[in-house]
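Before any questions on binding or motion, here is one chain by itself as structure tokens, the form predicted on its own.
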């Protein structure tokens, strides 16, 4: 029996599923007078974790290559400001706004990837630089102010404009109010990531690069292109998350996304993706997102202070990494 359990828990998906089931069981016990049993609680949890989950999709790709991306939160903030300015203040059509915002996110990711691949920067240093730069760019573009439906006129007064229809579309509840539109966006990002990892040749390149970059390069794997793809898609998903964040907040805030990169990393790690690269998958990230989402929701409905939530989340991350390291030893 001991050998059987050890064999089972050597699999990342088993450990991730066990963590999710354990958190869910805690919710059933500490249910806040039945609040955990209501569908509205689960629906709201999915809505709240969706932006983090979208970021974690890109983080998963980067981590599989053996890298890390600290800039995703700042790129989210920059994308949020850019989207709000173009769609609300300038009133550009959606078909023009989306390519610009998504392209800007991809560009930020590619800059980070270029620093890592061409200039041999450590991923930590390269993405830390982009994190600072993108946050500064968001504040410069917005003048340090939130971009909302209130538009300042030359005489200093404010006039109010209508929000574009996409704000209602992405903030809607669908299927009889049972699921939020932003959750469907998250599911779409999961599908895209799964397709890249499991159905495209470049998915195999990502795993090979993270497993042993030198051996992969000698085997003819375009490791530079693989890393650029990972960081570029990380920027793409950050831009998608920035758009969703703007819609939920009804404004573009240059401070949006602060510390979100830490949550995205936590989701990937708790799910069981290996920080050393070469191992992992989007299914593990989904279980990590649900684990973090349920943990936050359970603590919230039981009125646990934010300080307690942060400390408990930190302990869980440490436990996940230690368990992962033990099984990889």
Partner chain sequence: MHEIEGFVEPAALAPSVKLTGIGKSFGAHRVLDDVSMDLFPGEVHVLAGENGAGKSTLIKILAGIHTDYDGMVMVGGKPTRFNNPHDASHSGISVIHQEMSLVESMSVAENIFLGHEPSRGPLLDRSQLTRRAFDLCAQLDLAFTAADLDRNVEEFSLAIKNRIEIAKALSLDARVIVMDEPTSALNSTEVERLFVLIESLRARGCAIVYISHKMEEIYRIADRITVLRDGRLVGTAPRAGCPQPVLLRWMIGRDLDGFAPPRAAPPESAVPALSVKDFTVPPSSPGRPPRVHKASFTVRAGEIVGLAGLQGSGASELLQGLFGAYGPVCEGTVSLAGNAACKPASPHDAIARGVALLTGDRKGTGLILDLSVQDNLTLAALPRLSDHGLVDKKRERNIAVKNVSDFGIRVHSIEQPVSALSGGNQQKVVLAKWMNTGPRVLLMEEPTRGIDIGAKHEIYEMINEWTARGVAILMLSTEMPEVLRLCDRILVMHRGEITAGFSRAEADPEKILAVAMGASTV
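Positions refer to the first chain, counted from 1. Computed from a predicted structure; not experimentally measured.
Just so it is clear, the following notes concern the form predicted in complex with the partner chain, a form of the same protein that is not shown.
- Among 96, 258, 192, 198, the residue placing a heavy atom within 4.5 Å of the partner chain in the predicted bound form is 198.
- Of the residues 27, 293, 281, 278, just one reaches the partner chain in the predicted bound form with a heavy atom at 4.5 Å or closer; this is 278.
- For the chain shown alone, residue 150 is not a contact residue for the partner chain in the predicted bound form, no non-hydrogen atom being within 4.5 angstroms.
- In the predicted bound form, residue 212 approaches the partner chain with a heavy atom inside 4.5 Å.
- Taking the partner from elsewhere, residue 90 is found to have every heavy atom lying beyond 4.5 Å of the partner chain in the predicted bound form.
- The closest non-hydrogen atom of residue 167 lies beyond 4.5 Å of the partner chain in the predicted bound form.
- The partner is not drawn, yet in the predicted bound form one stretch among 214-222, 142-150, 168-176, 183-191 has residues with heavy atoms inside 4.5 Å of the partner chain: 214-222.
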